[in-house]
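A single chain, nothing else alongside it, follows as structure tokens in the form predicted alone.
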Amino acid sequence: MDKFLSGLKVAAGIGGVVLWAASQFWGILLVLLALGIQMYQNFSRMDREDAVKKLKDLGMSAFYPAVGILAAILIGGLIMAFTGYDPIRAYGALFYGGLVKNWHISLLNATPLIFTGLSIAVAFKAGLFNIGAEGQYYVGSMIATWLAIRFSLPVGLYIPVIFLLAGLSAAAYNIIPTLLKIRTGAHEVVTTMMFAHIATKYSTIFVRNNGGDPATSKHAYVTDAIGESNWLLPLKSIIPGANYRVHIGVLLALTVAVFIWYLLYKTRIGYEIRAVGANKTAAKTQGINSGRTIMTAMLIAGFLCGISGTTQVLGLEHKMYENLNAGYGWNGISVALLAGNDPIGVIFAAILWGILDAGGQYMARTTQTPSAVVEIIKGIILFLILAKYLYFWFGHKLFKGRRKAARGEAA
């Protein structure tokens, strides 16, 4: 029986990923089936007490996101009804557009968000807030564009080189903010945000110096296009049913998410990152160098944002636009929070965000319902999820106050 389940898990996983990448929403259901089989096999090897405790932990971790999503959909529906729009028709268009009609757009929207969500999650695990992920995304985009325009090497070698150099450049962009954090205690929220503004503003200069000068170019505000030899392989060439715009970067994002999960939970580096994030003082007593660990986490975070930008340039845009306003770094924060900083959860949170964006565009076109409703839903989801932490904080303060009062009465 165990061998049969293992075989079914592998078949469902592979089939699900193929269907998922081939622009078929139903692949997600097979992936969930594979994950369910894996969970069943894990629980079957546990004692009853441990299995029940694990199930309760999983249930609680899924409860707040589920409640937040459902409540946000309900509140969004009420807002539409009060403003004169038909919520049933609007939601029908939103989910049809995001899950069926424009599923390939949902995939393309989710791909960079998986990378930036992972970046934020890794930093959070170390107790850091990499709010400047947007700037690191821009750095990766610029380096990838510049390399793809200026140089040419054999295809099989050059694309990995671009990914490596763009990722390392984005990682290096985090060195100064991280050193300031380690040496002076400067908060990474402030320093990485300032560096993000530098990168986004410099991108205008970069575009103009690489083909987007309005004085000399017929296509102002966009760089020269990169050569087709530097494009990521479209999935249609290996999966006939895939949409022509979907590229192999989709599978790369899934692979990287699994790798980051392994790194965080199965390696010494990941253990040190989580230990420093949980309690820096306790980690120090175990011989963990917190400064080195913080630097490692921020370099990984920057690298992930860099390959996010590279994937967009080589896989989808094939050029870089002025005033890109990608928002993938900022939205990566939302994705990481929704996923509870779990790398596998980041995949599904990014897909949800991709579905809402793609479905929102379709909803606006077909029902004339403002796509701003989608942003309202996103905001409500995040608010309700973050309210969980406020609830725990207030509960802790209240409980602490009552304990002090009880001790006073006893005295």
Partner chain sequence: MEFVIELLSATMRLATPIALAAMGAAVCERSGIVNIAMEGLMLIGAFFAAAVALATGSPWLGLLGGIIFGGLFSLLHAWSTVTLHINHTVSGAIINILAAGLTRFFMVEFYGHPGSSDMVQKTLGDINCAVPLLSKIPLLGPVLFDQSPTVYFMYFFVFFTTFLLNRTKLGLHIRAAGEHPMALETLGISVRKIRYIGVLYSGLLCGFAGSFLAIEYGRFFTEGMTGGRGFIALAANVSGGWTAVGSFVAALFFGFIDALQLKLQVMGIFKIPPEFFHMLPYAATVIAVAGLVRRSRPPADSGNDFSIEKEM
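Residue numbers count along the first chain shown, from 1. What we label the rigid core is the largest C-alpha set whose atoms superpose within 1.5 Å from one form to the other. Values in this document were obtained by computation on a predicted structure and should not be read as measured data.
Heads up, the form predicted in complex with the partner chain isn't pictured, but that's what we're talking about next.
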Can you work out whether Trp146 and the partner chain are in contact in the model of the complex, taking contact to mean some heavy atom pair no more than 4.5 Å apart? no
Proximity of Thr191 to the partner chain in the model of the complex, heavy atoms at 4.5 Å: yes
Would you classify Leu164 as touching the partner chain in the model of the complex, given a 4.5 Å non-hydrogen atom cut-off? no
Contact of Ser152 with the partner chain in the model of the complex (heavy atom, 4.5 Å): no
285 to 293, 195 to 203, 267 to 275, 156 to 164: which one contacts the partner chain in the model of the complex at 4.5 Å, heavy atom to heavy atom? 195 to 203
Have a look at Ser237, Ser229, Thr184, Asn279 for me and say which one sits with a heavy atom within 4.5 Å of the partner chain in the model of the complex. Thr184
Those residues of 334 to 366 which, in the model of the complex, come within 4.5 Å of the partner chain by heavy atom: Ser334, Leu337, Leu338, Trp353
Look at Ile269 and decide if its Cα position differs by 2 Å or more between the shown form and the other one after superposing on the rigid core. no
Core-aligned C-alpha movement of Ile376 between the shown form and the other one, 2 Å or more: yes
Tell me, please, whether between the shown form and the other one the C-alpha of Leu164 is shifted by 2 Å or more, with the rigid core used for superposition. no
Which is it in the model of the complex for the CA atoms of Gly359 and Ile381, closer or farther than here, knowing they shift by 3 Å or more? closer
Can you tell whether Ile381 sits closer to or farther from Lys101 in the model of the complex than it does here, judged by CA atoms, where the change is 3 Å or more? closer
